[in-house]
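We begin with a single chain expressed as structure tokens, specifically the form predicted on its own.
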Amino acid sequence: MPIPAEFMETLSKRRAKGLAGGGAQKEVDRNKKGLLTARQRIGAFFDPGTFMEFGLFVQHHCQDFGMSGKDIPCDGVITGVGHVAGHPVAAFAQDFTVAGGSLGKMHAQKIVDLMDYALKTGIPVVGVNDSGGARIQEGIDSLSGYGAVFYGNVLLSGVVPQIAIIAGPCAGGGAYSPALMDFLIMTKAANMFICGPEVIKAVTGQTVTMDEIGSAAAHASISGNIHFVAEDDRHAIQISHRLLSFLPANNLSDPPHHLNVPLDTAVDPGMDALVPENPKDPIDAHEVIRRLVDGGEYLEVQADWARNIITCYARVCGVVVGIVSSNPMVKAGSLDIDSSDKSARFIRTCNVYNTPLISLVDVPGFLPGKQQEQGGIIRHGAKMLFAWSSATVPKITVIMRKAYGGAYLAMCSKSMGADLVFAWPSAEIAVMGADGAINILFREEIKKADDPKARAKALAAEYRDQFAAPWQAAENNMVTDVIEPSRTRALVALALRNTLNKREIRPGKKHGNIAL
């Protein structure tokens, strides 16, 4: 027998109510501001016709403060699974047009259920955050809901990729769920903060603006809380799609390598030209990366923060890689507190998702100074050492020029677990630079010389040739090979293919204790 008409009519009405969200007028108003609704964001994110919604009919259970019987479609959040470029992905989008996207008990439960599904099925999670915060009417239930979401974020961490899109307000405790995810993408129209300007002024007396503490620009360049800045909702979705194109579905899968791409073993004379004749002139590391990777295309992560280090995803002859590169154009490529944190986080993310790592080195050392010492450069620098040492993915290092002191180790030397180390003839591997070394080793001789400057210059050249050039390191088996820059892409591509099946067993333990 067919289903009675009244049942179908009830289903149609209830479904229409859930799909309507905050109503047609609110949709129009948002679109006029250049914003998409939650359902429009979901529609733009997934391949057409692939979205399978979870919990369309879920409603809150609050009976207080006039909430009894009040309809909140989907309880303010849309959840479900669909396909992105043919691959399943779990996603949720908070609906600001419904109760301000506020999080209550059932709202949180929907997100947690989606996370549980992603955990069981091994698929990435993408969350679009656009919420006024905790639903005050639900009191501690909303706080408990946030706790359950945070707990879920941590359970998923290192198992499936998690990407947060900040597309509206993301305030107070609500900011911590994105912070617990792997990558944060923030639109220019959004804001994220723990305490707003009014609270800061009331408590501290300081006058600050939202642009200073909560804008995408502030988080991208000052605090380092986010990884990508998007112009608008659609741009944020494009970034998330590109990011997913480099990530595996889960920690038991390999990244989406394109191993059908043929090996390119041709030399690239243009790479030779990137090494300046004057050793004091900086190498353009971005151009080195462009010549190294397929089509010159890469996705830089946290491009505006700690710019003295470059972290990015790319492919080399089809193999997905994470690249950590010195950037001599900024602070001469020295490592400092922020660049150490940025690198360590990226290295560990690549490691948990089975992504081979390439280190491009031109580092004169850790940045000296009172601010760095008092800020804990020892602790922060230790994060890089820990991250490289604990990473078991293929690790390939190319020493382009300077590799001095502890920073040489922090950029993944052979003794820190690099599988293969290539050095350019321009490489300088030493405890410190030649000028500093000879002033310690030959101080008296230089003082007594008829022409101290000329003698210092000559001694520095001798020291550089005998002790800082790559030959001593190569003779001591700390360098796999000294190569022409023009052969870098060919040898890195070969090294990646030869190392993809790397297996490394570590001592059994709960986890290491990284210096936080």
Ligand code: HXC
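From 1 onward, residues are counted along the sequence shown. Note that the structure is a prediction, hence the values are computed from the model and not measured.
Form predicted in complex with the ligand: not shown, discussed below.
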>> Under a 4.5 angstroms heavy atom criterion, identify the one residue in Gly405, Pro282, Gly82, Gly173 near the ligand in the predicted complex.
In response: Gly173
> Only one of Tyr117, Tyr298, Phe386, Phe150 has a non-hydrogen atom within 4.5 angstroms of the ligand in the predicted complex; which is it?
Replying inline: Phe150
> Among 182-190, 413-421, 232-240, 164-172, which stretch sits within 4.5 Å of the ligand in the predicted complex, heavy atoms only?
Replying inline: 164-172
> Does the 4.5 Å heavy atom contact test between Gly318 and the ligand in the predicted complex come out positive?
Replying inline: no
>> Is it the case that Val125, even though its partner is missing from this view, gets within 4.5 Å of the ligand in the predicted complex, heavy atoms only?
In response: no
> Contact between Gly132 and the ligand in the predicted complex at 4.5 Å, heavy atoms?
Replying inline: yes
>> Residue-level question: is His61 within 4.5 Å of the ligand in the predicted complex, judged on heavy atoms?
In response: no
> So, Ile222, Phe228 and Gln302: all three within 4.5 Å of the ligand in the predicted complex by heavy atoms, or not?
Replying inline: no
>> Suppose contact means any heavy atom within 4.5 Å; which members of 52-86 contact the ligand in the predicted complex?
In response: Lys70
